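Each of the two blocks below gives one form of the same protein chain as structure tokens; they are labelled structure 1 and structure 2.
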Structure 1
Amino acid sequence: MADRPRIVGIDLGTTNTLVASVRNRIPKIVPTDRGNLTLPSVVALSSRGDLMVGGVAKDQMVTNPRNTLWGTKRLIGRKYNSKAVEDLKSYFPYDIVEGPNGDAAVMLGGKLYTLPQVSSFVLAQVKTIAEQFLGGPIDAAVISVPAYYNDNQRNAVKEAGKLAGFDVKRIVNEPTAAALAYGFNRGLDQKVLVYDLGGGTFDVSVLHLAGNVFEVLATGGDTFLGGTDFDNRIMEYVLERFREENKVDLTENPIALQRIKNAAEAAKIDLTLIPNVVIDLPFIDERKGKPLDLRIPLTREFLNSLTGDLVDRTFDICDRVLEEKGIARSEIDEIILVGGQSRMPLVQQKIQAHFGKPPRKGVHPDECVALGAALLGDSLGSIDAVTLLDALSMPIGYALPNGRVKRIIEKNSLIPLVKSFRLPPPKEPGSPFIELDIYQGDSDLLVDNEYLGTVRVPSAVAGRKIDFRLTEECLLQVTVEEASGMRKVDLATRDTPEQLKRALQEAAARNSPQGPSAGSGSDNGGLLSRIGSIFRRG
């Protein structure tokens, strides 16, 4: 066949993974062997010791939680000794341990797996699915990542792709891919806002589309705001109602909680289509040997009142991102929806009210990222290739002795780019080496940043030029001026620097029960805080 694709676009999602390919210039999602368009991003080990991926793995999530890995997109490319991993450890029922180079890793059936390995199992499955459906080998891929992913996370996803047997041609930001699915080859001149409300995170990006030039103007988001928060609100309500009616507290009953969590999400999704549902869970508990059933009606209107403030929070973020760049709401020509939670009617109504126009129909919120990645892959090297001008979502800098970060590349800088500065003298006078610990993050405080690695060069080059180059995939490359010219320096990926360890310990001490509270205050301090953190995020 003349037009058989050899490259696919992959949306490696927190909840689900999608793969798409382009045939005769039209991108399409490749269905899985179960006939679905999505493959759950879940890897598990069965009780017989078989490694399982996708739907079969997800099926054992409730019965075998310690050997079922889900949500690993939040962990990949993170250091074990980072604040992010520390916070996430209690969210997942499986074991998170320290792997090679101080990276976070996971245990499955008593064996350690790196997170790129775990993702590679999902990607390898997707590769097989695509090869079977498209009828031949697929050797290349474009893989999407969240815009806020740092350098480590991007490299880790690239490595996962390689382990799965792909030649990863490009890593592309998810909102950029979504915009591509909307605007590719349409000759548009527009400002579009990509509104991505997924299971666990909210992301917003504003792009300028000029023909096939896609320029990211600004990005922002909240990594702790998503569909799970909507489920939690329903859960909280259901538990309260049940307690009032039956004088029974279900928060101590993990099986009941898991059933209510699943039912809450199902009810929420049903309420997108129909105005009333009943949450019906027979034999949820027992009292004096008699079964107790849970039966609670829920209307769409009531769901809206339970969750309206969550939707409003997304607009605060949108407004902030627009303000940062001095863009007026009225300048936005189109709003593109991404992520399952954006299907909720309230979200769409509120978008219309906030921006004065309805979101764009016709771009599928679940599929557009994979479709855009496939279009990008197909266009690479062709005459109508797209130009992506992306923006850095989090600043990059190096550690100062006072526990702060000296910013080198600012947020929203257009990439690719090069930033040059002069190498400072070594920290200790007389030391044979200059060491710069490189960090990425929004905060000025080192402890809230992610450690990327260390530049280690001889002291003789103090005062010479050092270049930080960000490639079009937003990957950092460092070169240092030497007598013979500019030399590339590999970042030493060593364990957590001492300075960061100390800062983390101090932060942990501050956040201990005796210290000031670090709570976000979003779950009203009521039932949810007692339910346990596993149920906080899906």
Structure 2
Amino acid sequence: MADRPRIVGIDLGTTNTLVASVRNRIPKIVPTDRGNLTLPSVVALSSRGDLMVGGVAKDQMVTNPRNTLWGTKRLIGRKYNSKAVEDLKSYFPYDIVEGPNGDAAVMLGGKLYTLPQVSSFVLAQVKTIAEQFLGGPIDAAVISVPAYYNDNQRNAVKEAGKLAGFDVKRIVNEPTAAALAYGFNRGLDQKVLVYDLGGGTFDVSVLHLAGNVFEVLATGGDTFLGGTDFDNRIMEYVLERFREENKVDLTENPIALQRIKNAAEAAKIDLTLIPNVVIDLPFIDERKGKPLDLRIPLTREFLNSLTGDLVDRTFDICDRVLEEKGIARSEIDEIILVGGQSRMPLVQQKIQAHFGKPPRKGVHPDECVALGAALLGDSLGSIDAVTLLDALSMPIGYALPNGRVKRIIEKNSLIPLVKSFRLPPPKEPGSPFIELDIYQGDSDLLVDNEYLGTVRVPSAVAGRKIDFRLTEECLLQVTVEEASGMRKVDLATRDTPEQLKRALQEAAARNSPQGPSAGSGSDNGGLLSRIGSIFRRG
């Protein structure tokens, strides 16, 4: 056992990243160089041109917002021309641009960085921290992702791990890792619901635990619902109140905005423990040479009214996930809370009311995903290994000529799996190639789904077998039958397919100027866009 290479578990979060390792079968979080258990998922360029990661990068968010990258987990693995990126472009103060293969990328100090590169800087910092603390090189990792991540996003995280110098042994779904931290070696036979409300994403998974077999029965989520959205509600309220009281619009002041953003997050955290706070920011601006202070009281009750609809959205998703699999609320034995935002008292009250039982105490909402990832890493290759039976969170299919998607693999299918079908004829008669544009998402319309890539094969193989294979990491592999046998086909992702471009243009023309369509699930009433435009004007 002693000479086994050490594998760490990493929770690469929207807000914070954690790393854990296992010793004598006990997983523990590795503290950062600052002595904290979490490393802020922030990358920045200093005024001197130095690249900074973690706490030091977060420290300069107020003074240098344009050169500070945060929240990039919401962008990684997405196409620049996708609806999701379109909705987010105005939200972040930094520049989001088109990178290689049509992916979203960012500019920092005049240089283009891919999003896997940005995440790799955070992961490389985590690698250094773990090596210093554990004393020796660490080359292997299990990295967690939201269960609701699509194939592109999973591949992008895997690439980030490789760029950081890790052999990424597994990509694991965050709720599954959390369930593992809860149930490992406890000999349980239970149905558990993992409610994961993090900084940027919401996931829910229902698992059946039987000994060390962890079977995902159903999963769902929203990659645009998290703690950041709660912060934004406070921020918008504070800006409006200040404008009313002082007749001054702080939306023209990027440094003031960043101070309010930080204060909003701090106030929200304080209100989990105490009923009242005051957001107090001296000298936030000036008028006629005189300093203006910002002082706005906030109660827990008022915060609940500001954000209640966001909490309700999480329970709508929980109900939908249970209904899809015909699971009654009463069948759930335990509810496990994951993610910092799940600490909100309103969330815990609503769980009690909704499921008729309180959430499970004793599972650390911030740490359990990294701990579970480390346990999985440690068990890989051992005799009494954990068995994970995970499920696909969003269906995968290919585009039809009418702008709809023909589903090949349905949501909640257990993985790994293979689905076979016959290759259709070319779209244009006489064309030398068959092209299948592959999409992943819950909608029947391709415009609402994520484009994964295109399978391009000679027309001669029309009518032959094609396999969609999902690995145990929920990654898609495509093979096509040829005269010599089955051949693996790489997905071409050079640009946005013409069919999708047309559909996006039509959707844009249909959409009202009030913000993204409700179908995108990305924003409530255009709030994200409004706060974003505030930042951009700075």
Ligand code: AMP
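Structure 1 provides the reference sequence; residues are numbered from 1 along it. We call the rigid core whatever largest set of C-alpha positions still superposes within 1.5 Å between the two forms. What you are looking at is a predicted structure, and each value in this text was computed from that prediction instead of being measured.
Trainee: Which of the two shown corresponds to the form predicted on its own?
Mentor: The chain shown second - structure 2 - is the form that fits the description.
Trainee: Is it true that Asp366 shifts between the two structures by 2 Å or more at the Cα, once the core is aligned?
Mentor: No, because once the rigid core is superposed, the C-alpha of Asp366 moves less than 2 Å between the two structures.
Trainee: Using the core for the fit, does the CA position of Arg456 change by 2 Å or more between the two structures?
Mentor: Arg456 C-alpha, core-superposed: shift of less than 2 Å.
Trainee: Using the core for the fit, does the CA position of Thr223 change by 2 Å or more between the two structures?
Mentor: Where the cores coincide, Thr223 still shows a C-alpha shift between the two structures that is 2 Å or more.
Trainee: By how many angstrom is the Cα of Asn276 displaced between the two structures when the rigid core is overlaid?
Mentor: Displacement of the C-alpha, rigid core superposed: 3.4 Å.
Trainee: State the core-superposed CA shift for Leu257 between the two structures, in Å to one decimal.
Mentor: A shift of 4.7 Å.
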